[in-house]
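Let us start with two forms of the same protein chain, each given on its own as structure tokens and named structure 1 and structure 2.
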Structure 1
Amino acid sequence: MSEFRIGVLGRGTVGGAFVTLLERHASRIERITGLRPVLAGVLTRRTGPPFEELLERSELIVELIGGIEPARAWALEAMRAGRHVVTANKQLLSQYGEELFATARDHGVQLRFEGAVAGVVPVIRVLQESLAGARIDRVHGIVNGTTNFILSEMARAGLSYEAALVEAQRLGYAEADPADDVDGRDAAAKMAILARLAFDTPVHLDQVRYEGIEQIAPDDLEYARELGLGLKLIGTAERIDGRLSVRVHPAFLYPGHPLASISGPFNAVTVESPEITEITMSGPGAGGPQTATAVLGDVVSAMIPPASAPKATEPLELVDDVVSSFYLHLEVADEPGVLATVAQLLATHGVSVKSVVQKGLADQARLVMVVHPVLESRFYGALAEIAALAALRSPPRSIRVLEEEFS
């Protein structure tokens, strides 16, 4: 059995979660890559082996120590020694990206950083690979989970700014120093990285204009809600007359905007291009296990040769009968007992009615109902018997209803 040894720098929120995930998924990763990922060691600012020793026994270095030094020096040293580097360090990439990219190129190693922007949302891969063939005009993003969580909680639960921030820290979304989150600097670093990839031009954090959310008052949110507007901290990178603008500031959005419905610690990035019109990617943008999942994905990518065909490793049985909620439309004779008969047939098959309305009268009567989630076979069993009722004027119509609510 061949091993692939991974040295980890840092054991904070993301580093700790990464070590746990690596152990949990080692067997699956081995089945995919043919190599067993093994933890070569963990080095923190205070504990662990000397860096050179860890480097010696690692094929890849995961940098999750944060900040600029020693993260920069160690990442450079690792690449110069021919090791791949995976990092989630947005401050480092937004200030020393060009030096790091050049070092990776010069030494033929991979530098991967999906976890640096929007947590587990795969925006880096999409910009670098999927959209490599598109000319991008604009990128809009909600790229800080802490501020999106704070604004959502202030609007939803009327929480004060301070209370919402404490909750974001407790849940592990905020930076070690949350000032970076609330003043917009964290989002600015991420927008610099996205702009670098979207427009193939060096963008330094110092070139990004940013404002935070510290000045937002609860009644701004309240008045705006009455106007149908929601407040978000929006990052923008766009071409303007052959030049580039990269900025972060709070902005009100109308409900139809693709970023308007992104709430809580979720992040989202919208990419606009004439060829593709627009795509929006969204998902958990902060949190230890979420960001560590992106980091582990990068590790697996570094382990397998590029463009390898996907290997099926877990044969799974396919399920036919699944649980679903349904809308049911019946054209019936408006006679005593019809609704009761329909309800009885549904009940016999274990189908529970969530809501029902009757429309029209006499031969024009319609019973329209929504049923609670139930195994489809049960619903269709009831439907077959309902279809045979003499009171029915036309075949019943049913459509599945997606009931999931995401928060």
Structure 2
Amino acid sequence: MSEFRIGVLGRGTVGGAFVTLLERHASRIERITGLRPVLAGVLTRRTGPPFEELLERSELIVELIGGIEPARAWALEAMRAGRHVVTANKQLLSQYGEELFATARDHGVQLRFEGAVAGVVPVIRVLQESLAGARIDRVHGIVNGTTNFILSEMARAGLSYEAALVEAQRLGYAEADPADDVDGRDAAAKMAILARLAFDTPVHLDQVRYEGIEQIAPDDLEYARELGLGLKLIGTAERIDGRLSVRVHPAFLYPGHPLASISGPFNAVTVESPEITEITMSGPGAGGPQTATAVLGDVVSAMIPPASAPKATEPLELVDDVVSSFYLHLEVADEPGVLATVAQLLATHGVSVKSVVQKGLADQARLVMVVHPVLESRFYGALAEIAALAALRSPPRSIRVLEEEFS
């Protein structure tokens, strides 16, 4: 029997699940690869052998320790020593991906990271391998299970954001400190990785515009139902006039959109290309066993070379000002002429209204509308003037609306 020795960094939720899966499926992997995977050791921040010792007795390093350091230093050292590396560390890849990719190429080893984006949904492998010959125009999706669960519960049960977050934490879908999830940073890191692969352009986390879901209110979802819309946190990377836009924000979807039906802690990613039209992949986006399964798949792939992240050869200019439709929620004084004034300010900036709902009287008066697609800079210019109106009782709320419906 030939052994393939695997060193593991980290034994938290994912690391522990990975060790269990590796031992459980070792015989099956041996039948597939002709090599029996063997655990060479586990190093955590507090326990285990020195890294140099673990590296010496390993042929592949699985990095699940998280954070930037020492994960970055150990991954680089492993690849420079001729070891393959498998990681699920989205923050590391979104900030130091080019350095890691270059090191893997320079030393002829594999760097695999399916578990870093969308859990067990195989979007990385599809972009790197299945669609390697296609020209991708857009990748967008729901890439954070925590926020999707929260928004699903707000819509289903009418919960406030705070109550839905508590429920997500109770069920283990949200961390004790959920900041990176709910403010959009986690999804932004994943979109930086997907953009790099889909568009062959280096994208750093700091170049991704992102918004979270903390300001979403139950009545936004109530009005959305009346307008036939559902709310998701959407990450998008797309070509626009020879440039690249990468962004994360809440967005309303019409029922015909392929992402509209994705609920709970599930993730989904849609890839669009002239050659394939569009494909959507969905599945569990979080959880130890799910992510560990993706990591184990990468390990098996690394045991059957070759694979690599090619050098970026098409650096597209990043663009911020894109076209979008918007939902606009205004709490206003119940007095004549308010709607006309709002409509006039929108029109002055070239923003046209698609639909309007008026609710309530006196201190409960509200205007809720959806506007036609327009450059974001024009909409936000109008919004700044609307926010200054004396008739407004609170700051306006706006959420993007995705117009696409697929049959």
Ligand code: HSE
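What we label the rigid core is the largest C-alpha set whose atoms superpose within 1.5 Å from one form to the other. Fair warning: this is a prediction, and the values are worked out from it, not measured in the lab. Residue positions are counted from 1 along structure 1's sequence.
In this comparison the chain labelled structure 1 is the form predicted in complex with this ligand, and the other chain is not. With a cut-off of 2 Å and the rigid core superposed, Arg170 has a Cα displacement that reaches or exceeds the cut-off between the two structures. Once the rigid core is overlaid between the two structures, Tyr380 counts among the residues whose Cα shifts by 2 Å or more. With the core held fixed, the Cα of His25 is displaced between the two structures by less than 2 Å.
Once the rigid core is matched between the two structures, the CA atom of Leu159 is found 3.4 Å away.
The rigid core superposition between the two structures gives a CA shift for Arg397 of 53.6 Å.
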